[in-house]
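Consider the single chain below, provided in structure tokens and representing the form predicted on its own.
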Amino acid sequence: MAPRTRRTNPLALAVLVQLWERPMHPYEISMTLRERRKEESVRLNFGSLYSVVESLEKHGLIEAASTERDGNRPTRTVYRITDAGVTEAIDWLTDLVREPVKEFPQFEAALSFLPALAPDDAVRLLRIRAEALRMALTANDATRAAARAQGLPELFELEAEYEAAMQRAELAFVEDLTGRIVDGSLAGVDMWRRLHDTLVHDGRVDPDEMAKAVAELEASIGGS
């Protein structure tokens, strides 16, 4: 039995699902995914697609079915999914739907280091982000409305609905966070302002002053 491929690249799942529909060559897989706007939810480029196809074939999840030639273009290999590939696709999709997985969004990382920015700078940038989210929501709504007008069932737009729900949730969070920084109701915002008012010079924090401030903070927390 061929070893199971690591389930780390959603593009591999996309290829398996496409070949579950019917045999295709890699270029046709790529074009079908783009026509269905799947590149908005799965990172897609032609070079990585060929690497994925090679890996899936190596692991016995797909196999060459035939070859075809279009005019003077190079011969293309048409692939089909194997029984093992069908099992892998269903098992993989089952795990993805059933089990929440810790992901590492870049915005979450930015929030964890937000105190490195001055509060007023953070507010300005959060407001820019909020406007970008509003624009993205507008574009998402328009795209889904166009799909509905063309008669595309909602079932095939679920990823766009999910994206819109995440955008709305993030927008609400960003607006709330911005407001709490501005009105001072965010716990620790006064200390944050003092940090940048007294410790940051020429864009850098004085290490000795930072160590002193941290010691004072720990003492105040320990004494509370």
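The first residue of the shown sequence is 1; numbering continues from there. Source: prediction; values computed, not measured.
Keep in mind the form predicted in complex with another copy of the chain is missing from the figure; the text below concerns it.
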In the model of the complex, the residue from V42, A64, V182, M31 that sits within 4.5 Å of another copy of the chain by heavy atoms: V42
Contact of L177 with another copy of the chain in the model of the complex (heavy atom, 4.5 Å): yes
Touches another copy of the chain in the model of the complex: D197 (any heavy atom, 4.5 Å): no
4.5 Å heavy atom contact, R36 and another copy of the chain in the model of the complex: yes
4.5 angstroms heavy atom contact with another copy of the chain in the model of the complex for R76: no
Contact set, 165-185 vs another copy of the chain in the model of the complex - heavy atom within 4.5 angstroms: A165, M166, A169, E170, F173, L177, R180, S185
